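We begin with a single chain expressed as structure tokens, specifically the form predicted on its own.
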Amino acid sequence: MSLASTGSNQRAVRGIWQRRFQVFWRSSVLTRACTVGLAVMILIALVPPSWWPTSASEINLLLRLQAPGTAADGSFHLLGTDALGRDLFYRVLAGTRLTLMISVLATLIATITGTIAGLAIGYFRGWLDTILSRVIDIMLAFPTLLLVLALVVAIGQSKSTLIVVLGVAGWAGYTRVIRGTVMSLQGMEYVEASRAVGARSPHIIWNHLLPNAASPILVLSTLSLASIVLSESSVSFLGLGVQPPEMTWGGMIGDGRSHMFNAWWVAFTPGLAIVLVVLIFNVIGDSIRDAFDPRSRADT
């Protein structure tokens, strides 16, 4: 292949991705708002823990369960305080860092393992496809939360364990989708042409199948972030996730469940944060799926 044709192909790929981004950005006002909200959350998550005010982790029993607003000592707490007198506004912001970090790393594990397995069984088929397909059927039939809880209890409670367990529990969905995508791509002319000129299997998988499976991988990754946030929050709510003094939104809800009737804001504020994050990921995932839809009018 000549340098001119290579450069032409690269410009064509960049043009396709630019059109995809334009379709995504112009899809709706809600999509743009959610994208900005996600950018803000990422910036908050990048703030080191040492930069947060001491009220995010410092115990002050004189200010316990203060309602949102001005406390008895004249200090202002936008979202109130918890049972140990810690400012909920800063705790919710500080919890963004760990919640997003666990969710993103677990999604990366699920994406990488699921993609590799899907490419392998979709391309080579045979006994490997038969065995892994049965394993995928079992994992998809088993409730994800129960699987995560069982693995956490069996392996042990730690931040790294939770990340690995959430990632392992989510790979099966990727594998099934990518397997079907690869099987549909194997009959395409450019794949047959690569085989005809003697291209090896790794070359075909890396240069032809993986790039054309990128859109479902991207969509699945974005949508699975929302489900992993919910799973992590559920595990932490039950006390099997991240342990104090580190904080996640699910753990904060667990701390406030005994004060639902006399201090509703303790559990409400981290719960609202989870709702907003899940909404943001779902909206962005739906918009990415629409942007990569070949039937989209804006892409023509």
Partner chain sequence: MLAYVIRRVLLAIPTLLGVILVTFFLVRVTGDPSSFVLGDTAPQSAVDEFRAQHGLDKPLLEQLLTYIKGILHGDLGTSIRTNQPVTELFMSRLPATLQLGLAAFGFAIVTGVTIGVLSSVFRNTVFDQIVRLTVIIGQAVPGFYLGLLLIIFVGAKLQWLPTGGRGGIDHLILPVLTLSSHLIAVIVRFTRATMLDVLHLDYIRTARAKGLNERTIIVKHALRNVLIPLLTLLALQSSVLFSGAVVTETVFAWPGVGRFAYDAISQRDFPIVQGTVLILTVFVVLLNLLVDVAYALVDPRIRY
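Positions refer to the first chain, counted from 1. Because the structure is predicted, anything quoted here is derived from the model rather than measured.
Just so you know, the form predicted in complex with its partner chain exists too; it's not on screen, but the next bit is about it.
Proximity of V40, N60 and H77 to its partner chain in the predicted bound form is absent: no residue of the three has a non-hydrogen atom within 4.5 angstroms. Heavy atoms within 4.5 Å of its partner chain in the predicted bound form are found in exactly one of 136-144, 107-115, 79-87, 160-168, that being 136-144.
For the candidate set M260, V47, V36, A67, a heavy atom within 4.5 Å of its partner chain in the predicted bound form is found for exactly one residue, namely M260. Not displayed here, its partner chain is kept clear of M247 by more than 4.5 Å at the level of heavy atoms in the predicted bound form. Remark: L240 counts among the residues lining its partner chain in the predicted bound form, judged by a heavy atom distance of 4.5 Å or less. In the predicted bound form, at least one heavy atom of V153 sits within 4.5 Å of a heavy atom of its partner chain. Contact between V219 and its partner chain in the predicted bound form is not found at the 4.5 Å heavy atom cutoff. Contacts between 274-288 and its partner chain, taken as any heavy atom within 4.5 Å in the predicted bound form, involve I274, V275, V278, L279, N282, V283, D286.
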